[in-house]
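Single chain ahead, written as C-alpha cells, the form predicted on its own.
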C-alpha cells in the first residue's frame, strides 16, 4: 500500500491537498499536525483511508516517525522561513520523495548545500504552490518561440494570517527579488520600473495598484527562456499592504511588531473587493509568425477566490506527478520540473479556478 504523508493537513493549504489526493486515489493518506483533534476531523471528512498522526515538525523524533513508511511526504506546514529543508531531509532519510507547497530558492540551496545521498534517487520538489510555483510555471505556455517581452501580474485580495505575514515581511533581499527592477538583455536592470497606480488589468477587479518586484523565480525564468525583457508586478487592490510593508522595512526593529499592520492591511483589501487572486501573463514574440504558421498564445489568465487553497491543489498535482515517475531525482522547484500544459489543463477543471484563459 502506497502511503502519502501530508504535514499541516488541517491547515488551509493542507486540507485542500488532502481532498485532491484522496480524489486521485493514489494510496493511504497519513495526515499530520500538532492539533490532533483538527487532524482527526480532517481524516473523518476524507473519503478513503486516512490516518491522523500528531506530529510537530520541530521535533526530530516525531518527524522521523511520521516520515517512516511513506512513499512521498507532502509539506503544507509553515512558515517557510523556519521549515527550509528540515522536512525534506527527514523525508529523504526515510526513503520518501518530497513535495513542499512552499519553500523557495533558499530551501533548495539549504538542501543542496550538504545534499543527502538519497537525493540521487529521490525527488524533492519545492515551491509547489501559487507564488512561487504557478508564477514561474504557467508563463512557459506563452514561450513557443523567443520572446521580446514577458510581463507578469500576480495578486489580488486575500486574508493574511500572522504566520504568513511574517513570511511576507521576510521575503526581501536579493535572494528573493529586487523591487523596481526589470530583466533586460540577460541582466538585472535596477530602478527600471515605477509603480502603476490606479490601473485596470485583465482578470483583476476594478482599478488596482501594481508594484514592480522582479522575483528570483521570474528572473530565472527570463534567463531560461532567453526573454529580452521581463517585468514582474505584485498587484494590490489598495495601497494598504505596500504602505504597511514600506513602514516595516524602514524600521530597524523586529519585524514582529509590524505583523498586525500587515494582517489589517490585507483585511482592508478584502473589504474593498472580496477575496480573489489572479495570475496574468502577457508575452510579445520576438518575431511575427511566418505565413501559414499559427500564432503563439500571448495572454494567460488564471483566477481563484483563494490562493492558499489553490496552493493545495498545486501540491497535490505535483505529488501525483512524482508518484507517476514524471519528476526526476534531485532538488528543484515545481516551475522547473512540472509540465506546464498538463498542470494548466488540470487546474482548468478544478472547482477552485473561476477563470482559466489562454489565447
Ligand SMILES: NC(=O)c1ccc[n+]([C@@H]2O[C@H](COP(=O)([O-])OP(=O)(O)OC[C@H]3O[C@@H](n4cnc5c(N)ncnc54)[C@H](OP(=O)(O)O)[C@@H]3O)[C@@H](O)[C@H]2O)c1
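Residue numbers count along the first chain shown, from 1. Remember, it's a predicted structure, so these values are computed and weren't measured experimentally.
The form predicted in complex with the named molecule is left out here; the points below concern that form.
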May I ask whether 129, 132 and 308 each come within 4.5 Å of the named molecule in the model of the complex, counting any non-hydrogen atom? yes
Select from the listed residues 167, 239, 118, 151 the one whose heavy atoms reach within 4.5 Å of the named molecule in the model of the complex. 167
Quick one: of 93, 261, 163, 143, which gets a non-hydrogen atom within 4.5 angstroms of the named molecule in the model of the complex? 163
4.5 Å heavy atom contact, residue 34 to the named molecule in the model of the complex: yes
Would residue 17 show up as a contact with the named molecule in the model of the complex if we use heavy atoms at 4.5 Å? no
Residue contact check: residue 101 to the named molecule in the model of the complex, 4.5 Å heavy atom: yes
Are any of the heavy atoms in residue 78 no more than 4.5 Å from a heavy atom of the named molecule in the model of the complex? yes
Note: the named molecule not shown here; in the model of the complex, the stretch from 334-342, 18-26, 347-355, 5-13 having heavy atoms within 4.5 Å of it is 5-13
Applying a 4.5 angstroms cut-off on non-hydrogen atoms, the residues of 25-61 near the named molecule in the model of the complex are 33, 34, 35, 38, 55, 56, 57, 58
